[in-house]
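Before any questions on binding or motion, here is one chain by itself as structure tokens, the form predicted alone.
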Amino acid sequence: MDLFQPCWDYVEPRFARAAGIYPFFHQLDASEGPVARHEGRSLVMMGSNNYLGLTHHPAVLAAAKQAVDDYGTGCTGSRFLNGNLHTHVELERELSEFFGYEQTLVFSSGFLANVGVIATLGSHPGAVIFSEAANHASLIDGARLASGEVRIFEDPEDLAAQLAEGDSWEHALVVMDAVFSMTGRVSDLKAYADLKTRYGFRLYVDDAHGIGVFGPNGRGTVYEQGVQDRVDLLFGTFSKSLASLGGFVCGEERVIDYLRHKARSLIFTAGLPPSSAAAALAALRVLRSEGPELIDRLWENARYWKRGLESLGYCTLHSESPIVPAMVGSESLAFRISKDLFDLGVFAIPVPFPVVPCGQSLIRTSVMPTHTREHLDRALDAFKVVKKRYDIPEFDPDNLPVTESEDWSWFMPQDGAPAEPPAE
């Protein structure tokens, strides 16, 4: 078989485009935080991870601009060699202080951080990685790259059953998300921390979607649940609440220093661009100074938005975060609804299989403190229109349907007839 044959056989996006419901790679011409612009139209942005709305904060913008003047546009080399800036080091120092860890290591992206750290530690002789079944792709890929054994667990009870096979698991790393990015579900970190106390494994928590949202002054889910002292490695990103690009891992000094010299995704990648590092540092300082007010506004908007969707009849899956999903069911319906919302002036993203189980497609929304009630009401009006337009099933969030894994309905056109692929 020709190496490119799977590429030539990959027809799903072509079918979706032919059906007029392809929802990805929209080109945005401008962004103002809660509002984006597309071809001259104003869209209420309900599909962002900009949880604190800091991407347009004056201090963040000024820091990024000053960094370009001071350092130029890029590092042009690995931090290991010539790309380690004063801003990187200062950012790591302030992150360590804020989160209460001995040291922090900053990577050029969150994906690189998760992949690099898990692959490195999971390749030690005898290492075992326990990975939560719904983990982010970067956590999954880090486990795949590790040479040690990988086990999958579903929840604390499943993990406990697997750990019961041995008396001690000091050679194991348990890897998990704190807040799940599509559904807003929050993990019971205390249950996992209690298992760590009993079995002695190392605990790695990805709190990308919890930092800036939960805990005192936005320190995250580990602080919200009081387990910071039992989380060995804390991961976070700058691309959510901290308004930039990049990822970081906090931990014990000697562990971080080891990763600094061994993590291939750090050593063989150019350093985080100066403007991105400076923007993240400025956003962290804004969080430290303005955090309580920003977080209060965020949660006020989140509660208002969630109540609004539920009053329209949408199932929001017991979301416990500013990520509020609206369940719609089939992939094709999610794509059609997303397109209609876009046409009605609302940017909200569909989440189909395989990101979620088949038959559980949803529209993923999130709010920020910079949304006004006018923004949210405008978006709710659009959701009301599509709710009337389509026969969206009533879902029991505790008993969701799951169809067979081979579901091709997502690229079917609106009338249900199979679409013809576009001509070459």
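Every value quoted in this text rests on a predicted model; they were computed, and no experiment measured them. Residue indices: 1-based, along the sequence shown.
Unshown form predicted together with a small molecule; subsequent notes refer to it.
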*Going by heavy atoms within 4.5 Å, which of 136-144, 74-82, 212-220, 87-95 lines up against the small molecule in the predicted complex?*
136-144
*is_contact(residue 240, the small molecule) in the predicted complex, heavy atom dist at most 4.5 Å*: yes
*Is residue 192 close enough to the small molecule in the predicted complex to count, meaning some heavy atom within 4.5 Å?*
no
*Taking 4.5 angstroms as the cut-off for heavy atoms, does residue 109 touch the small molecule in the predicted complex?*
yes
_Proximity of residue 206 to the small molecule in the predicted complex, heavy atoms at 4.5 Å_ = yes
*asked:* Each of 345, 372 and 383 having a non-hydrogen atom within 4.5 Å of the small molecule in the predicted complex: is that the case here?
replied: no
*Could you check which residue among 352, 273, 246, 116 gets a heavy atom within 4.5 Å of the small molecule in the predicted complex?*
246
*asked:* Quick check on this chain: which one of 269, 103, 162, 181 has a heavy atom within 4.5 Å of the small molecule in the predicted complex?
replied: 181
